[in-house]
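The data below hold one chain only, encoded as structure tokens and taken in the form predicted alone.
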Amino acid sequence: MRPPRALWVSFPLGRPLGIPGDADFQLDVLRATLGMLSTATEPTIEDYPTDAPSVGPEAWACPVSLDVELDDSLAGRLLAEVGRLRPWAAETRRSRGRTLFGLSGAGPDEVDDVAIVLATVAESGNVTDPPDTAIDWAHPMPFLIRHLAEDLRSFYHEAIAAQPGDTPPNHDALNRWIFGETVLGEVLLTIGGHLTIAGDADSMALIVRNLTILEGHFETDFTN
């Protein structure tokens, strides 16, 4: 984002002012931040010199606001969510020099296309016909759905990896966040329902469902 002034804090994810309830510490962080208005006369990133007091192991929470946008369609909400995460994912890709996105055949700059295809599948319930796009997809339907989902999950993981803090979320926390708090999770669970119905005629649909929706995050019996 390249702000003209920034204060870097070494606090856990979701805690930009330190631990809850410590008003004096939080006030000091705010004073240090606002003080840069007079001390930083050129683009500056300063380190806050003090670590936040520790309160022991805590549950991770995504620090990025994912509020619902005015466009309340599934596609509109998913694209808005992807847009808010895009700068963070780009930072991880820059620092690592690589990305895990692309299993579906889409390029790193085609995240929106992947999101639109997944939202369209969720809204239409069509899990058999290939998407009508210019992208040369690497897999046929319905197996393509699994790789589209993996691409967006990789994009979300890369966005979270760029967040500041000493305690990044583990695999389980990331999955709980995606399936419980994001529009992407809503899209994937909706598609899971469509794949369950399609599984009556095509067992591949159930295989794709079980590969796409991790066990414990879907209400339907996976032994179907």
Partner chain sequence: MVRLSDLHPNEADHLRARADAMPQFECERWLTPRPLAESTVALVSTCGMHRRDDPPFTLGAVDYRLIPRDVDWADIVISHVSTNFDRSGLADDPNVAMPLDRLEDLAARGEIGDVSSWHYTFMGGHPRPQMFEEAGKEVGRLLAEDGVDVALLVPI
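Whichever C-alpha set is largest while still superposing within 1.5 Å between the two forms counts as the rigid core. Numbering follows the first chain given and starts at 1. Computed from a predicted model, the values in this text were never measured in an experiment.
Omitted from view is the form predicted together with its partner chain, to which the following refers.
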**OP:** Spot the stretch among 145-153, 80-88, 110-118, 124-132 with residues whose non-hydrogen atoms come within 4.5 Å of its partner chain in the predicted complex.
**Re:** 145-153
Original post:
Taking heavy atoms only, is P43 within 4.5 angstroms of its partner chain in the predicted complex?
Top reply: yes
Original post:
Is there a heavy atom of R96 no more than 4.5 Å from a heavy atom of its partner chain in the predicted complex?
Top reply: yes
**OP:** Evaluate L174 for contact with its partner chain in the predicted complex, applying a 4.5 angstroms cut-off between non-hydrogen atoms, and reply yes or no.
**Re:** yes
**OP:** Tell me, yes or no, whether A75 is in contact with its partner chain in the predicted complex, where a contact means a heavy atom of each within 4.5 Å.
**Re:** no
**OP:** Find the only residue in T182, T196, Q26, Q163 having a heavy atom within 4.5 Å of its partner chain in the predicted complex.
**Re:** Q26
**OP:** Would you tell me if I19 moves between this form and the one not shown by 2 Å or more at its C-alpha, with the rigid core held superposed?
**Re:** yes
Original post:
Shorter or longer C-alpha distance for W88 and T41 in the predicted complex, given it differs from this form by 3 Å or more?
Top reply: farther
**OP:** Work out the direction of the Cα-Cα change for I19 and A159 in the predicted complex: closer or farther than in this form? It's 3 angstroms or more.
**Re:** closer
